[in-house]
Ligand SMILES: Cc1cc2nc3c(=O)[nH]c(=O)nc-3n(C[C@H](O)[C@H](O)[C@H](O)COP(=O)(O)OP(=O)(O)OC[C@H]3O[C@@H](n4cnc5c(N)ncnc54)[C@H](O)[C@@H]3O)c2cc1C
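Next up: just one chain, as structure tokens, the form predicted on its own.
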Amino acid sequence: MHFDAVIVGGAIMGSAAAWFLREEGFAGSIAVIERDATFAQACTTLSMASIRQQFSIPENIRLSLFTLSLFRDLKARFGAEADIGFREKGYLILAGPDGRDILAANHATQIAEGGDIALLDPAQLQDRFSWLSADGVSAGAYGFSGEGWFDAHAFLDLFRKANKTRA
């Protein structure tokens, strides 16, 4: 067999790579090889299937924002029935006294990259999250939008089905 591109690993990264190759105009033949056809042991289906922008380096934030735009454009890209059960409920990351400066530096990076993240002091945390004890907490970062969880297997299925129809 001969293929112009061979992608090893057919879970979300491999399936998405094949899909984006076609999306960007690649006209050659593509083979996606996966040893676990059930995906029972794939990182995609074993993951917590979440998305956030609360990272310390710009590249990770940009990757998340790119994926978020894909989530928000699913129906246009994959059809009216496309649904990954995305629940945009945010992430809350807390810091003790020794972690406050790191959290603040990360927050500045996140804001500079377009993340919708708030840096909250203990009083603001108590007001927003009444169930939270702020004892020993110096700050918290909370993602107002673009953060949450989704059905990773449904996301993988979208790419796999789309790849089969484009083959």
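The first residue of the shown sequence is 1; numbering continues from there. All values reported here derive from a predicted model rather than from experimental measurement.
Only in words, not in the display: the form predicted together with this ligand, which the text now covers.
Closest heavy atom of residue 34 to this ligand in the model of the complex, within 4.5 Å or not?
Yes - in the model of the complex, heavy atoms of residue 34 and this ligand come within 4.5 Å of each other.
Find out whether any non-hydrogen atom of residue 142 is located within 4.5 angstroms of this ligand in the model of the complex, and reply yes or no.
No, residue 142 sits far enough from this ligand in the model of the complex that none of its heavy atoms falls within 4.5 Å.
Contact flag, residue 27 vs this ligand in the model of the complex, heavy atom cut 4.5 Å
Answer no; every heavy atom of residue 27 is more than 4.5 Å from this ligand in the model of the complex.
Does this ligand get within 4.5 angstroms of any non-hydrogen atom of residue 125 in the model of the complex?
Because no heavy atom of residue 125 falls inside 4.5 Å of this ligand in the model of the complex, the answer is no.
Find the only residue in 103, 68, 120, 49 having a heavy atom within 4.5 Å of this ligand in the model of the complex.
Going through each option in turn, the one that passes is 49.
Given the stretches 94-102, 107-115, 127-135, 34-42, which is the single one in contact with this ligand in the model of the complex, using a heavy atom cutoff of 4.5 Å?
Comparing against this ligand in the model of the complex, the contact stretch is 34-42.
Within 4.5 Å of this ligand in the model of the complex, which residues of 1-22 have a heavy atom? Give them in sequence order, or say none.
Contacting residues: 8, 9, 10, 11, 12, 13, 14.
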